[in-house]
Every structure is written in structure tokens, then in C-alpha cells.
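Given as C-alpha cells, the chain that follows is alone and in the form predicted on its own.
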């Protein structure tokens, strides 16, 4: 069993097993192959992407099995023949995986993940790899844009009720990777050690006979450092009542509706007049990176983001593909119009100015020759699995989170703009 709560084996698509069966039958399934995962382009308007989900992919590959229930399902549906079922019963990935570490920036054509193994053992991983990388990379990329827009103010992830229950956990992890401060998802805390926080909803206020009773109950249970939701009825009266109940030591108020910029300004003035100078203001309610950027000049101390985060803020998939690029050492490439690929296993370096600003990403054949090294070049891929086992000592979630911060700092200033534009740096293919 995996963190998905069930076997990952049937995350394989039907067409992958169709190819597998045919390849096993004609003997080509044992040919050594290389598959690469990359994005042909960034989502419209985006200037960079952030790799997310790598650790989850590696865990899922290591746990990828076809148990009795899955094999019975395939047999009952007559998806594959008995020989293929027998092969699947003994499936273990024994190949190698290399790729960009989690939290690394990527651009069009970046070889984000490379899987090396026989055709048979690698082809069945396509849906598994893409479902995780496409989702998590989309979420962490959106999160990074929001964090940049927030300009050091903390953001709380609170989108669990706006997506699938498993996607909610993955989204919370990806948001934290991208720089969010906390999440409201307790399962994400259990699985990934993410700090959590939360406040009450309007239902808690409506439950009580008065707003005062609701606030008093919350303060009694949570202490004065709690966050009170003040806009269930009249926000001005709500703030007055909150300070009367909790005193000027109240931790924070939350505003969840209306023109939050104007309301935050008015709330700050009111709180200061009441002596609650250190009471923070948290705003939420359909925020995205553009709304957050528009609030920079307002006295907002923290943001709560839900729907736009878990939907990738308009780009719910990273658009990555998993393509066969090498067979038995021979480069192979797709030539379909608008879906061309470049054959052969590839590596990449990122070039920087002496100041640390990224200049370009150079992608070159792994078979060499390697481009002449410049002083501030940095190799991007690293070993992730060897012989089917996850490499020890891979970066932790906290280290990956730090990598995101460093990557954003390395972008040219125009690369952080929220307006539509070309990728922040160019990718150059050599060889």
C-alpha cells in the first residue's frame, strides 16, 4: 500500500498494457530504453515552472506492484493475455531514474525526469509519472507565483474542500514546497510534516446565539492568540466585539468577503484605535497571485488561498509528456507536426552571471560531448533511483523548499512578472 491508500498498479492506462503485451509477445519488451519527461511549453503567460512531486514519484515507482486484486481485474476484463498477467505478477522496476531535484525551476524542453530500463518495465510507468508530476508541478508553480506576489507575507493553504481528497494532500505538500507558510490539511501534516493552522468558519458563529458568544467560546478554547472571523454579520461591529472579548492581545482577525483591500485598511484603523496594534489581519476569499499583488499596499499580514491554488491558478496541469527517446543506444524521435521530440538521452546545465542571475539552460546529448564549462554553470539532473531503489540522501522537503527560493532569486527581474511573457531564460539545444 502507498500514500494513495491503495495499490498504484492500476494507475497504468489500458493502452500502456496493450503496448506491453505486444512487446512481450514479439520480444522487443526487453530492449533497453530511455524515456524522458519534459514540457514542450509553459502554460500561457508563465515565465517559469517549478518541479514538484519528484519524491512522490520515486516512492510510487518503488511501490509499484500488481497484486492479486489488480491481476484478477485485468483478467476479468480481458485487458491482457495470460503471459502478460504472469509477467505483471512479478513486476518490479529495476532500472535507473535521473532528474531535476524537486523544487528546481524548469523551462520548455527541460529533461525533468529520465527513466532508463527495459521497454516493458518503463512503459507501464507513464501514467503514474505524469499524473504526479503534472499535478504537483502545476500546484507548486502557482504557489511560487503567489509567494512572490505576497512579498514575504505568509500564505495559508486552505484549498482541501475544493479538490479531490488525495489531491488535497498533494496540493498542500506542493504549496508548502512553493513557499506557503502553513496548511489547513491535517493529513498533509501527518504524511509530510507540514505545519498546520486554522480558524473557525461562519458556521461556528451562526451556531451560537450571538457573535459575542461565539468569540468567547473560541477564545476560551484556543486562547487570545487565536484568529477570529469578523465578517459574518457587520465587520465593524465584529471587530469591536472581537476586541471586547479577547482584548487588544487578540492574535488576528480574518476577513473572508467583500473588497478585502478596503476592508483591511478600515480594519487596521479600527484595531489601532482600539489599542490592538499588534492584532494581525488575515484575508481570504478567492485570492490568486493577481489579487495578492493588488493587496501589497494594504495592511494585510497574511493571506489564505484555496481554490486558485489547488487548480494551479488557471493552469491545472504542467503539460509534461513522457516520451521514448532512445532504444538500445539508438536515438529515436517523434516527428508529428507540433509534437516533435528530440531523440537521445539528454542532460542540462544552467548558466549564470557571476551575480547568480540565470542566463540560459543548455540541453545536450548525454553521449557527449559536454558543452565547454563556464565558471558559473550548474548541472541540473541528479541520480534519483539506481537498480530500482531510491538513492539515499536525496534532498528533503525543507531543502527542496529552499531550492525554490534560491531559484526564484536567480531569475532575471522580468522573470518574476505576473504579466504574460516569454520564458525567463531560454533553453538552447546543442549537439
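Positions refer to the first chain, counted from 1. No experiment lies behind these values; they were computed from the predicted model shown.
Note that the form predicted in complex with another copy of the chain isn't included here; everything after this is about it.
The candidate stretches are 192 to 200, 350 to 358, 93 to 101, 268 to 276, and the one lying within 4.5 Å of another copy of the chain in the model of the complex by heavy atoms is 192 to 200.
Of the heavy atoms in residue 289, none are within 4.5 Å of another copy of the chain in the model of the complex. Contact between residue 416 and another copy of the chain in the model of the complex is not found at the 4.5 Å heavy atom cutoff.
Although the partner is absent here, residue 33 sits close enough that one of its heavy atoms falls within 4.5 Å of another copy of the chain in the model of the complex. Among residues of the shown chain, residue 153 is not one whose heavy atoms approach another copy of the chain to within 4.5 Å in the model of the complex. Checking 282, 143, 132, 228 for any heavy atom within 4.5 Å of another copy of the chain in the model of the complex turns up a single hit: 132. Note on the partner interface in the model of the complex: the residue among 246, 239, 105, 169 having a heavy atom within 4.5 angstroms of another copy of the chain is 169.
Using a 4.5 Å cut-off to another copy of the chain in the model of the complex, each of 26, 74 and 334 places a heavy atom inside that distance. Along 51 to 79, these residues reach a heavy atom to within 4.5 Å of another copy of the chain in the model of the complex: 56, 69, 70, 73, 74, 77, 79.
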